[in-house]
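Okay, so here's just one chain, in structure tokens, the form predicted on its own.
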Amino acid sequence: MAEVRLDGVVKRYRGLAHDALQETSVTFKDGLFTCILGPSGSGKTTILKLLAGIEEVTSGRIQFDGVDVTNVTPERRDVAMVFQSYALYPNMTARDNIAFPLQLRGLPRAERYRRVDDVAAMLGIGPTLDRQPRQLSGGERQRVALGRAIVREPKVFLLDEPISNLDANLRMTTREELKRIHAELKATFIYVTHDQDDASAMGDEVVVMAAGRIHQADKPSDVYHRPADRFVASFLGRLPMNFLTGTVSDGDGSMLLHGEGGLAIDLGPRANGFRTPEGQVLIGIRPESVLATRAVGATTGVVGKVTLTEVVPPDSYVTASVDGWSVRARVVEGDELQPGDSVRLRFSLRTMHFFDPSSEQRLETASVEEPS
């Protein structure tokens, strides 16, 4: 096991206008399963390559357990990397693919194969060891690639989207397997993904990146419920977050949200601990936190008109126009709404997020306790 730290690390490629990795300092804690989450081009795979020694840093330091390994060659870093493409040798059997790192170390054949059998039993791929990669399914190839990493007994595992090519059901099963393996090995796992479901299901901690910069590093629940800025808030979630620029004020017994174009929303009584943000703020609220009901018979909420319906199992959602603001909302169970229907939307102060409209950073002065 090892604690891995990037200290002011920059990666710059010749010919590119922007740094692939801006000055970055982050610690991957000893023995944790950390997911690096972000869109394509965010710099997450660059971090893995720098940790593995495949790429050299432009500036800064990399430390393993406090030891500077910035200029240490890959084979001496005691890390194992699992690639998205698996990178298996096509002319070798699964057994020999897994054993190959041990062969490079000069271990006797009998010892190599004994350790391969142990790893194969852990991964449940014993019956496939005598097959070549072309004879294996995607899930089996993924396990062979993982076995080749495990057999080395490294301090740090670097995983570059190794399950992105699997179908949805197999991905769910493999996530569980990876967490089980991590619990058994108690090693430091650093896992790169663009899939927030992977990150939330497997990560003890999540590092959210974009454009070569870390936006937030926290527990999965905190990244979702307390996003550090607008990017994190918009990137996390099954559906895009609703955003509105406006002000919040005390009304007659309740809080009022004043948006563009004269929009006014009653948010109900002031929540305990809530401190009203001053001036213009950027307000974010997730679609699942806005409830839509058919306007007929409803007496509370803001009136809007449905422009789009969609299903995100197990819930149904509508997009509604409210005084020029387009907002997604979750449909109350039992209502079947169609485009053109009038709806009432109910908002809750407790589920809102507030950001500075200029910096787009979270306003902690407006923080409230998350609902259970």
Partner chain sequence: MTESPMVVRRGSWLSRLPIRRENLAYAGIFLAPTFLLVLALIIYPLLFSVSLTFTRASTLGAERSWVGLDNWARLLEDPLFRQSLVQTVMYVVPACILAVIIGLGVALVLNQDFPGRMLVRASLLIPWALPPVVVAAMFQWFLDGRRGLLAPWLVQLGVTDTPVAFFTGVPGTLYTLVGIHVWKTFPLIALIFLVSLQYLPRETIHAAQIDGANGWRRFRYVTFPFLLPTIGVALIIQLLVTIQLFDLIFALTGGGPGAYSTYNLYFYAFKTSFEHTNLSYGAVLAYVVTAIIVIFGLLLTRGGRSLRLS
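Quantities reported herein were computed from a predicted structural model and do not represent experimental measurements. Positions refer to the first chain, counted from 1.
The same protein also exists as the form predicted in complex with its partner chain; that form is not shown, yet it is the one meant from here on.
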Taking heavy atoms and a 4.5 Å cut-off, does Glu75 contact its partner chain in the model of the complex? yes
Whether Arg143 contacts its partner chain in the model of the complex should be assessed with a 4.5 Å heavy atom distance threshold; does it? no
Under a 4.5 Å heavy atom criterion, is Pro101 part of the interface with its partner chain in the model of the complex? yes
is_contact(Leu256, its partner chain) in the model of the complex, heavy atom dist at most 4.5 Å: no
If we test each of His215, Arg152, Arg230, His182 for a heavy atom within 4.5 Å of its partner chain in the model of the complex, the one that passes is Arg152
Sort through Leu267, Leu123, Ala80, Leu244 and report the residue having a heavy atom within 4.5 Å of its partner chain in the model of the complex. Ala80
Every residue in Ile54, Leu88 and Met92 with a non-hydrogen atom within 4.5 Å of its partner chain in the model of the complex? yes
For the chain seen here without its partner, which of 92 to 100, 203 to 211, 272 to 280, 184 to 192 has a heavy atom within 4.5 Å of its partner chain in the model of the complex? 92 to 100
Going through 161 to 185 from first to last, which residues have a non-hydrogen atom within 4.5 Å of its partner chain in the model of the complex? none
